[in-house]
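Before any questions on how it binds or moves, here is one chain, the form predicted on its own, in C-alpha cells.
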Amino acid sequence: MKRFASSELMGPFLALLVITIFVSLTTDRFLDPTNLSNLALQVSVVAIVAIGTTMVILTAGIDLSPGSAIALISLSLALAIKPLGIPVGVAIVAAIVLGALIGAANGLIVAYLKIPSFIATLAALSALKGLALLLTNGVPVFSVSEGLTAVFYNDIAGVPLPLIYIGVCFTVSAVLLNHTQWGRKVYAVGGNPVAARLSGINVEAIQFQVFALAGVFYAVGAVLFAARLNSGSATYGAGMELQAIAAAVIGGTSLAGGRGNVLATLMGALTITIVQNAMNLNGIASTQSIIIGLIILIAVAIDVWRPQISQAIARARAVASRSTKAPGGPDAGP
C-alpha cells in the first residue's frame, strides 16, 4: 500500500475514484447493471488504442493518426469479409498486419526521415482518411458477418471478450515496458535521446519499433470497433486520437517523454469513458468535445507545472514540520 501511495498510479487512481463517486451521486442510472456492462464494452476500444498512443508519447513523440487508421482498417476488414469472402480470422490477421504497416510507415518518416512526429502523423491523419473514403466512395459496409460480431459480443466463462482483450493487451504492454530491456530503452529515448544514443541505444530503431507496435494496437481497436457495429466506415474513429491522448495524459504520461505508466493509462481511459457515459445519460452529449478538451488542458497544465507543484508541497510540509516542533506546538511538553 505504501508503494502504491507513492507511485505514479496514485494520482490517476484518485482522479478516477473522484469522478466515479461524483457521477454515481449525480446520475441515477449510472450504477444500473446494464449501463455498467455497456460502460465496460465502451472503454475497450479507447483503452487499447491508448496503449499505442502512450508508447509513442513515452518516446517524446505524438501520434495524431489513430482515428483515421481505425477508419481505414475497419473498412478494409469489412470489405475483405463481405464482398471478398475472406474468413473472419484471416481477415482480422490481415487487418492487424495493415495496422503494423501503417505504424511502420509513420515510424519510418519520423525516425529515419527526421520529420517531426506531429507533422508526420498529421499528414497520415489526412492521407489515411482520404484512402478510406476512396475505397467505397464514402459508402459504409453494413451487416458484415455474424462471426465478426461474435469477436466482440461473446464471452468466456461469463467474462465479456472485450475485457479479456483489455487484460491481455495491458498485461503484454506493461511487461514490455516495465520488465524488458526494450522497455528501458523506450523510457531512455524519451527521457534524453542524446544520452540514450551515447549509451549505445539505437534511437531511430526504437522510435520505428514503437510506432509499428502502436499501429498493431490501433488495428486491434479497429477490429473491435468494426465487430461492435458489424460494419466498416470511413467515418469510424473520428476524434479517437484526442481520446487516446487524453487517456494517456490523465494517466500521468508526460508529453515531454520518458515518464508514464501504461496501467495508469487504463485509469485515464476509464475516466474519459465514465465522463462521456455520464454526459450521455444526462442528455448533454453535444458538449463532450468541450469537456474532453478541458480535461486535456488541465492534465497537460498539471504535467507542465509538476515541478512547481512538487516544490510547493515540499515547502508546505517543511513549514508544517517546523510548526509542530516549535515551542508551544503540538509536540511541546507541558
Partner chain sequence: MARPEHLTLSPGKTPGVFGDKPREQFGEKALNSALEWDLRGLTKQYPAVVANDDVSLQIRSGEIHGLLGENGCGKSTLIGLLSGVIQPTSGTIMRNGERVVFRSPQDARAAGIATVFQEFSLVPYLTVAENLFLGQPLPTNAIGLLDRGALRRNARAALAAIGLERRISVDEKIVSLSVAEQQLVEIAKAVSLGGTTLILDEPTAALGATEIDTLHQLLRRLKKDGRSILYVSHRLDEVVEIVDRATILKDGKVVSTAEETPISVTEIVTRMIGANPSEFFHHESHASDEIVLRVDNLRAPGVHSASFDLRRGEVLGIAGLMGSGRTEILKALFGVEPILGGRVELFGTGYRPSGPAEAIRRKVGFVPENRKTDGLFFNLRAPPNATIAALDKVSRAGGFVSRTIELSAFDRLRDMFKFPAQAHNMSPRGLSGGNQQKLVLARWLFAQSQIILLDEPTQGVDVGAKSSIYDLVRSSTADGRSVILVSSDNEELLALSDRIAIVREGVTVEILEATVLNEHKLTEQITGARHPRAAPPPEKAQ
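Note that the structure is a prediction, hence the values are computed from the model and not measured. Residue numbers count along the first chain shown, from 1.
One more form of this protein exists, namely the form predicted together with the partner chain; it is left out here, but the text below deals with it.
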Please pick out the stretch from 133 to 141, 199 to 207, 154 to 162, 117 to 125 that is in contact with the partner chain in the predicted bound form, where contact means heavy atoms within 4.5 Å. 199 to 207
Considering only heavy atoms, tell me if residue 191 and the partner chain come within 4.5 Å of each other in the predicted bound form. yes
My question is simply whether residue 180 lines the interface with the partner chain in the predicted bound form - judged by any non-hydrogen atom within 4.5 Å. yes
May I ask you to check whether residue 258 falls inside a 4.5 Å heavy atom distance of the partner chain in the predicted bound form? yes
Applying a 4.5 Å heavy atom distance criterion, does residue 185 contact the partner chain in the predicted bound form? yes
Just give me the single entry in 90, 113, 168, 195 that has a non-hydrogen atom within 4.5 angstroms of the partner chain in the predicted bound form. 195
